[in-house]
Structure formats: C-alpha cells, structure tokens
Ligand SMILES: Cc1ncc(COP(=O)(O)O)c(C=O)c1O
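One chain comes next, on its own, written as structure tokens: the form predicted alone.
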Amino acid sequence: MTTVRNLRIAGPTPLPPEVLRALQRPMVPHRGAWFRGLVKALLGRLRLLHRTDGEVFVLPGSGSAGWEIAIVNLLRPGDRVLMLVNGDFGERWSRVSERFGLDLAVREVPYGSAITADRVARWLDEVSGVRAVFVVYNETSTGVTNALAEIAAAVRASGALLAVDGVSAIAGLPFEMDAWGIDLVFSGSQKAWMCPPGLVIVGVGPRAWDAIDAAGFPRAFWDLREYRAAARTGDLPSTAPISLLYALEAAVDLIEAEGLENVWERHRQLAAWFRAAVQELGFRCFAEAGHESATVTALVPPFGVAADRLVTRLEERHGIAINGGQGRLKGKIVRVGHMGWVHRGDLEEVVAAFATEIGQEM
C-alpha cells in the first residue's frame, strides 16, 4: 500500500514546516510569566482573525466539543432551539442537543442545498419562543457553505441568539464576527488553522455573556466564565496544551504574513479552479450552485465510477487521501479537502489521479 503523501481529506489537514518545528519546542512552566505572555498575545491575535472586539478562547478538545460548549453555556434545560440542518454535522449537533433535553425544532433542507435567510426568517415566524439558533456555516459532509451573514441578520432581528459551527470555515472562509452579529462560534485546530487536532477555538460575542451567566446546565471543564477569568492573566483553567499552542502561534504567524483576506481569496481561487477541472472529467458538484465551499468540495463521480472504490484507489495507487461520503451520503460522493496549507500543485495531483482512474473504469 502506498504511503499517503498528499493529504486531501477534510481534516486533519497538512502541517506547514513552521508548525511542525513549533511542535518540537521544549516544555515550559505553563503558569510562568513567559508562557502567560504568549497566551495573552495569541488570544489577542485570534480576536483580530475572528474580526471581533469580543473574547476568543482556546480550549483543549476537538471541534465537536463546540456543540456541547454552546449548549451548556448559552441555554437552560427545556429552552427552545431552532436547529438548522443541511448535512451530517447538523444532524450530529441535533443529536447532542437532544441528549441535553433542549426543546428542539429541527428544520432541514435537502442535502446539497443551502440554508438561506428567507427560510430562516420564515421558520422563526413559525416557531415561537426560540431562544437560540444553531447552524453549521460550512457543512463539511456536503461541501455547502450556508449564507451565514444573511442568516445572522434574520436571527438577530428575531432576538434569538446565534451559535455557529465554524469548524471547517474559520481561517479559510470570510468571517466577520462583529459585523455579522454572531454570538458564539467555534472551530477546530485541525482544519484551516493548519494545526494538529486537539484545540477548539471559541469566539464569544457581547450578547452571549448575559446568557452565559444565566445558563442552567452544570458546567465545569467547558465553563466559559472560567476561561474568561483565566485569560486575563494568560492562563487556562487547566493545564495548557503547550505544544498545540506553540503550533497555533506558528500558524497565526503564517496567516498574518499572508494576510487574512488573501488567505480567503487563495481558498476561493483554488476551489474554483478545482471544481472546473474535475467537472471536465465528468464529476458533478454535489453542492447547490453558488453555495459551493471553498474549503472542501463534494463530488458525484461520473456514471459507472464507484465512489468508495475511487477513494481506495487514490490512496493505494497514488498516495492521495480523500474522503468518501458520510451518513446518508456514504458510497454516493467523494470529498476533497483544500483548506489551510494547500497549493494548486496539491490539487493538480488529485485531478491527474482522477483522470487516470476514471480512464480505467470507463
């Protein structure tokens, strides 16, 4: 079996050399003055990358921890939540919400379709007493980017809080936390942040703090009030994941050097080129036109080409790792990640491998 040399899954993503070097730095006292200074500075830089004057925290955990973080910090048992679903990750957030006893109103659009502001406004009119709206900005399972800015405006007009799963979006797609009025957003270090798995990055807007203070769920490790208090001195409530924070600092250096808007534009251009190239081979983009993701592309293979077999052959014969479908889409699509540390040559290899395999299948 060929060793994977081109990691094109939707996460974890490849690590730049600078991030790999940062991971090799020695341990230091996590309550020492030097490391506290690093953390305080890093949190300030993350605020700028989230386009917010609010708070941004880094917690040990995966991106999926964000679902629970949002629930226990914003809500009380029995609160009504409008859950917007257009993919597997929205479904998974729904299941987590059910376990916490929320009064869940699920509104779903077909997989591959986008959630739009007019739909959200209509649903908010239909469902009374909505305390919060949950939405996945970029649905990794379908390659669809939802119209978050417009959705946020509709939610804001209703008076509800908006919590956003930005796991495969933040640092790769345009995001304006304050200008759009986002109350809470979370992302994972292993996606466009170009770091190993293990950190969940949480942005908290000013409206969220009243809800956080009044939330009715038991909280301990995920209590954002504890992270706010600790952040004032550059601490975390528990032992800091020192090496991962070194890595995140190095990744932030790279993003700042390139320029955040330039990072967004690089992702947009690479995704557009890749979609055009694979469509010439007979693939069909699964995402609704105009809502295709710039960080992960979901594709329906040409007729007669089995999606799962294509995934296997790219890895075994070409050393390229891509994703198949998940949940309802298992065996129906393939997904190619192009977020974080990615360049056109990486995607050209995928296109060439697709062409080879399709030629042998047809």
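A residue's number is simply how far along the shown sequence it sits, counting from 1. Bear in mind the structure is a predicted one, so any value in this text is a computation, not a measurement.
There is also a form predicted in complex with the ligand; it is not shown, and the following applies to it.
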- Find the only residue in Thr140, Asn86, Asn146, Asn73 having a heavy atom within 4.5 Å of the ligand in the predicted complex. Thr140
- Determine whether any heavy atom of Ala192 comes within 4.5 Å of a heavy atom of the ligand in the predicted complex, and answer yes or no. no
- Message: Can you tell me whether Val136 touches the ligand? I mean in the predicted complex, with a 4.5 angstroms heavy atom cut-off.
- Response: yes
- Determine whether any heavy atom of Val167 comes within 4.5 Å of a heavy atom of the ligand in the predicted complex, and answer yes or no. yes
- Item | Contact of Thr312 with the ligand in the predicted complex (heavy atom, 4.5 Å) | no
- From the candidate stretches 46 to 54, 32 to 40, 59 to 67, 298 to 306, select the single one in contact with the ligand in the predicted complex, where contact means a heavy atom within 4.5 Å. 59 to 67
